[in-house]
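Here we start with a single chain on its own, the form predicted alone, put down as structure tokens.
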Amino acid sequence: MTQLALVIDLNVCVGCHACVTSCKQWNTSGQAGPMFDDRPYGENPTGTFFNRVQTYEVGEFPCTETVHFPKSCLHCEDAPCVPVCPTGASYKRKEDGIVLVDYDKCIGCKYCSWACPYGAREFDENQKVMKKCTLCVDRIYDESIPEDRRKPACVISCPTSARLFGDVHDPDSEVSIAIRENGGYQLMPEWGTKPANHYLPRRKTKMHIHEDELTRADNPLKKEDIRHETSKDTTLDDWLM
């Protein structure tokens, strides 16, 4: 059986949010961007994201790394959101394994969000239904779109090609080869949900940072020598002009 999915290479994801922006543009018709749709800077901001990028800093200075971790619905083969849905709104397609929500049947009870161990479900405050990544099912089968662009919007927009799309059950597909050759893994397999999406791990690179590399050579404060004399307990005020 075909199982379409995303394979995300964490080694080349730069956290630019192009996937977030393009996802919102394609799926919500215009309210694009990494900010919330409503009251982004106000009280109780709301909005629906099918795809998010979580960023972490790991390690100790100066040997630190920034890790960007994109996450959306993983289109689990044994999706726990499906059997808990009281109306049958959440379902998994037999023909391609995509998990979808029928908005006409959804009553917004949020059972699916409680059942999903990955936090992939989001409640649309405007339409009062649960939403999530659809793998752009309305795009990948649209024959009016050039064949080479019938991919999820996030895959098309990724500037570093960190995202691959295809059938993870086909051993000869691009995604299966990438998983096999790069040690691809599922997120939290211990839950037994068999996530279809996979991640390719970061590859460690040995790097030694010299002390002089920790000082900015073009620091304007240092160049013009406009620093105040610093006190014993240096604060930011000591560097004000």
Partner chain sequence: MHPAFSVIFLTTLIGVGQGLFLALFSAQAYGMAKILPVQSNEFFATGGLIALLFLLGGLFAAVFHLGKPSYFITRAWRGMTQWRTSWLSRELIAMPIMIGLTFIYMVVYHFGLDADLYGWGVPGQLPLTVGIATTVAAIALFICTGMIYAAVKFLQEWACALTPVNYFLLGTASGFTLATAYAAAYGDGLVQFFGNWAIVLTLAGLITRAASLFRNSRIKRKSSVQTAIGVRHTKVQQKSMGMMGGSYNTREYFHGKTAAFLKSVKWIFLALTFALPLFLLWVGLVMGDNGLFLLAFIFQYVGLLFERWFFFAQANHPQNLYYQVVG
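Whichever C-alpha set is largest while still superposing within 1.5 Å between the two forms counts as the rigid core. Residue numbers count along the first chain shown, from 1. Predicted model, so just to flag it, every value in this text is computed and none were measured.
Below, we refer to the form predicted in complex with its partner chain, which is not included among the displayed structures.
Enquirer: Applying a 4.5 Å heavy atom distance criterion, does E77 contact its partner chain in the predicted complex?
Expert: E77: no, not in contact with its partner chain in the predicted complex.
Enquirer: Is there a non-hydrogen atom of N197 within 4.5 angstroms of a non-hydrogen atom of its partner chain in the predicted complex?
Expert: N197 lies outside the contact set for its partner chain.
Enquirer: Using 4.5 Å between non-hydrogen atoms, is P117 touching its partner chain in the predicted complex?
Expert: Because a heavy atom of P117 falls inside 4.5 Å of its partner chain in the predicted complex, the answer is yes.
Enquirer: Applying a 4.5 Å heavy atom distance criterion, does V137 contact its partner chain in the predicted complex?
Expert: Although its partner chain is absent here, V137 would stay clear of it in the predicted complex, with no heavy atoms inside 4.5 Å.
Enquirer: Pick out the residues of 102 to 117 whose heavy atoms come within 4.5 Å of its partner chain in the predicted complex.
Expert: Residues within 4.5 Å: Y103, D104, K105, C106, I107, G108, C109, K110, Y111, S113, W114, A115, C116, P117.
Enquirer: For V58, decide whether the Cα shift between the shown form and the other one is 2 Å or greater, given a superposition on the rigid core.
Expert: Shift at V58: 2 Å or more after core fit.
Enquirer: Indicate whether E43 shows a C-alpha shift of 2 Å or more between the shown form and the other one, with the rigid core used for the fit.
Expert: Comparing forms between the shown form and the other one, the E43 CA shifts at least 2 Å.
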